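First, one chain by itself: the form predicted alone, in C-alpha cells.
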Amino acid sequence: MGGIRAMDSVAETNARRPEPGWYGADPTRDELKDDPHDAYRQLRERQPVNLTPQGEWRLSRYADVQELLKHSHGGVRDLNGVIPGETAEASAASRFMLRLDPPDHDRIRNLVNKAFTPRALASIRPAVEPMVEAELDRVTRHGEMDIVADLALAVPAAAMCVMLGVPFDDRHRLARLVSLATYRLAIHAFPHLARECEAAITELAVYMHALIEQRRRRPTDDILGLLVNAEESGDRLSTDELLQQSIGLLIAGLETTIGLIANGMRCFSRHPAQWDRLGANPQLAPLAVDECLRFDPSIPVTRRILWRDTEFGGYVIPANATVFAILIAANRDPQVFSAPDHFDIARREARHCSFGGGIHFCLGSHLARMDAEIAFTAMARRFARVEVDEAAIEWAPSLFRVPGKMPAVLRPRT
C-alpha cells in the first residue's frame, strides 16, 4: 500500500500545474524597466514557480534560480539543439559561446578564457582611468552631466577600445551598433527590429574583421590580439568564431555595463548617505559595485531550456520547457538577504544572481566590476552630491534595463 501511495504522490506532483498568469509582472509593460521591483516582489510572493499565459515558466526565488542555473540539466538550446524562436539553420550558424551548449561551448570558452586572465584585465585599467578623468574634467566645469553619455558609456567604451585597440572616438558608433545588435539575443520578441539588428551586426562584422586581420599581420598583446592567437592543443578560433566572439563580447560587455553604472548612480542619487560612505571610504568600492548589481541590475532575466523533467517548488516543469530565471527578484529574496529593499554598500551576504551561474556565468564579470569601480570612485572623489533628474530619465531601446539618458546636477567637493 505504501508503494501505491508513493506512486500516486509522484503522479499527482507531475499532474499539478499552477494557474497561468502574469501576477503583476507582465514583461510587455513599459514601466517595468523603470520600476520593476514591486512587480517582481508580487510575483515571488504570489506564484514563485510561475506559468505564464504564453506557456513559459518563471522562477523568482533565490534557491530556485540557483538550482536552475547551477544544478539542473538544461542549457540555452532545446533537445534538438535549436535556440527557441529561431530556425534550425540560424541556430546552427550561431557560434557565440553564450548561445552554445557543451561540448561546443566548452571548447570556445576555454580558448576565450585565455584572453580574459586577471593579468590581461589588470593591464587595461591604467589606460582606461585617464580617459575617464578627461571626460569628467570636461563635465565638471558645467556643473551637470548626462550620466549615460558622460560616464556610463565612457568607462566601458574606453575599456573596450583599449581591449580592441580602436580609437576612443569610435565609442558612440560602437555603442549605437551594439544597442541594436542586442536584439539578436531575442529577436523573436522584437521582429520589427530584425532588419536594423542584422544591419548593425553586419556593420560590426566588417569593423571587427578589419581589426582581426590587422592582428594577424601584426600581433598585439591587447585582448583582441590574445583572442586571435589563443591556442589550446593546436586548436584555434576560426575567423567566423573570432567575429562572433568579438561581437558577442561587445554586446554582452558594453550595453550591460552601461546599465550597471547608470542604474548604480541612480541608486546613489536616491541614497545620499551611502554616497557619503563611499566618498569617505573608497575601499568600499568593490562591495558597492556588488550591491548595485544586487539592488538594481541591468539584466533582470536569463533563460534556460530544461533537458529533463525537473521539480521546482512542488511543480514538475517538463523537459524542453523554456524557463526564465528572474534574477532581479531573486536578488531581493528575504529568505536570503536581510532587509533586501535597503541599499547598503557595506553588505556582506550571499552572492547576488546578476552574473548568472553555472557554465554560462558571465565571462566579463571582473571587467564589469572594474569598470564600475573606476566610475564610482572617480565620481565620489570629485562630487559631494550627484542628483539625478528622475523625471528626465529616458530608457534606451535595449533588450536590457539600460537608460539612454540620465541628466544629473553635480555638487563638487570643496
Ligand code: HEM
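Predicted model, so just to flag it, every value in this text is computed and none were measured. One-based numbering along the sequence shown.
Although it is not shown, the form predicted together with protoporphyrin IX containing FE (HEM) is what the next lines describe.
Where, among 383-391, 35-43, 361-369, 341-349, do residues come within 4.5 Å of protoporphyrin IX containing FE (HEM) in the predicted bound form by heavy atom distance?
Result for this chain: 361-369.
Examine L164 and determine whether its closest non-hydrogen atom to protoporphyrin IX containing FE (HEM) in the predicted bound form is within 4.5 angstroms.
L164: no contact with protoporphyrin IX containing FE (HEM) in the predicted bound form.
I'd like to check something about M97: if you look in the predicted bound form, is any of its heavy atoms closer than or equal to 4.5 Å to a heavy atom of protoporphyrin IX containing FE (HEM)?
So M97 counts as contacting protoporphyrin IX containing FE (HEM).
Is it the case that S298, even though its partner is missing from this view, gets within 4.5 Å of protoporphyrin IX containing FE (HEM) in the predicted bound form, heavy atoms only?
Although protoporphyrin IX containing FE (HEM) is absent here, S298 would touch it in the predicted bound form, with heavy atoms inside 4.5 Å.
With a 4.5 Å heavy atom cut-off, would you call A329 a contact of protoporphyrin IX containing FE (HEM) in the predicted bound form?
Judged by the heavy-atom cut-off of 4.5 Å, A329 is well away from protoporphyrin IX containing FE (HEM) in the predicted bound form.
Looking in the predicted bound form, is protoporphyrin IX containing FE (HEM) within 4.5 Å of a heavy atom from each of S179, T182 and L204?
No, none of the three is in contact.
Identify, from the list V148, M265, L227, L249, the residue with a heavy atom within 4.5 Å of protoporphyrin IX containing FE (HEM) in the predicted bound form.
Of V148, M265, L227, L249, the residue with a heavy atom within 4.5 Å of protoporphyrin IX containing FE (HEM) in the predicted bound form is L249.
Out of L242, I317, L293, L153, which one falls within 4.5 Å of protoporphyrin IX containing FE (HEM) in the predicted bound form, going by heavy atoms?
By the 4.5 Å heavy-atom cutoff, the listed residue in contact is L293.
Contact set, 99-125 vs protoporphyrin IX containing FE (HEM) in the predicted bound form - heavy atom within 4.5 angstroms:
Read in sequence order, the residues that approach protoporphyrin IX containing FE (HEM) (within 4.5 Å, in the predicted bound form) are H105, R109, F116.
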